[in-house]
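Before any questions on binding or motion, here is one chain by itself as structure tokens, the form predicted alone.
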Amino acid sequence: MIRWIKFFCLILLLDVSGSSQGLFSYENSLQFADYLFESGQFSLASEEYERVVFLNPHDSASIGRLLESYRMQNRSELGLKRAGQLIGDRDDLPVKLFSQIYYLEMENKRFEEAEQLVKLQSNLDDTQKNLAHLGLAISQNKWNDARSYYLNHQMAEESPYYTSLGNIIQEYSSKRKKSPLLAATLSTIIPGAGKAYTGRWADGAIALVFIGSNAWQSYRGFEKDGIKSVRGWVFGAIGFGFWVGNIYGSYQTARQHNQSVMQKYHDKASDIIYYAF
């Protein structure tokens, strides 16, 4: 009886061992990793893709998904590190794998490395190469370079991505920017005018009223008590301080306005660049 019990235990152990090996096989691990990725569980997906890549180091599609998983977790530095460990020769990579390394290089502001990576890819078509070059220019906020490149690389049959990106570049280039120097000059002449010039009318009105009221109180003090007027000096100092601050603030507001507009178009362009490949 004991012999039969041992026999059935051995059969059960072998069956469980076989099932376990099947569960963690390359095919099942890949299927599970894809499920995790598609369901947005990028942290778990990266762990599972690490297993898949370990089982098959030549699976370029899984390497690309692994790098993308790290990128979707905002762990681009780790993604770039793993790319260096997993990929030796970067010539003529599969497009999907190339795109993930390209994105990681740009997110880490390694623009020269990203540009060199593009040059190594002879299997990219003209549209893909042009998109990559425009992406590099826009990521560095070189909008004039991007516009010049786009105008010099028009194609008979442009892709929707390339056309949309070109429209964004053209629209931003035609957008009127605010001059920080002009904003500061206007606030020097009329307090708050520089803020109004940048579209911040309420701030401009407040600055005008506050500085103007202090100047008036200072004037009244000096008119009444002369040069020794404490009231005149106190309100004059307060008004002067806010006047100088308003000049500097107007300069910065114009710069922030331009930065905000540029960031808006940068984000719109990034939405295209990061889905173009």
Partner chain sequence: MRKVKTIGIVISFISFATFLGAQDRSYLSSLENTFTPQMHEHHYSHYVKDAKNPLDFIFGALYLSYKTFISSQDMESCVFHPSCSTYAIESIQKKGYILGVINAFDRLTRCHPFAGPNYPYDEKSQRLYDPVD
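Just so it is clear, the model here is predicted, and its values are computed rather than measured. Positions refer to the first chain, counted from 1. Rigid core (definition): largest C-alpha set, two forms, superposition within 1.5 Å.
In what follows, reference is made to the form predicted in complex with its partner chain, a form of this protein that is not presented.
- Though the partner is left out of this view, Ala215 does not reach within 4.5 Å of its partner chain in the model of the complex, counting heavy atoms only.
- Contact check for Ala202: a non-hydrogen atom falls within 4.5 Å of its partner chain in the model of the complex.
- In the model of the complex, at least one heavy atom of Ile238 sits within 4.5 Å of a heavy atom of its partner chain.
- The shortest heavy atom separation between Val244 and its partner chain in the model of the complex is within 4.5 Å.
- Contact with its partner chain in the model of the complex, defined as a heavy atom within 4.5 Å, holds for exactly one of Val95, Ile190, Leu78, Ile206, namely Ile206.
- Using a 4.5 Å cut-off on any heavy atom, the one residue of 253-277 that reaches its partner chain in the model of the complex is Gln256.
- Core-superposed comparison between this form and the one not shown: the Cα of Leu134 travels less than 2 Å.
- For Ile63, a C-alpha deviation below 2 angstroms is recorded between this form and the one not shown after rigid-core alignment.
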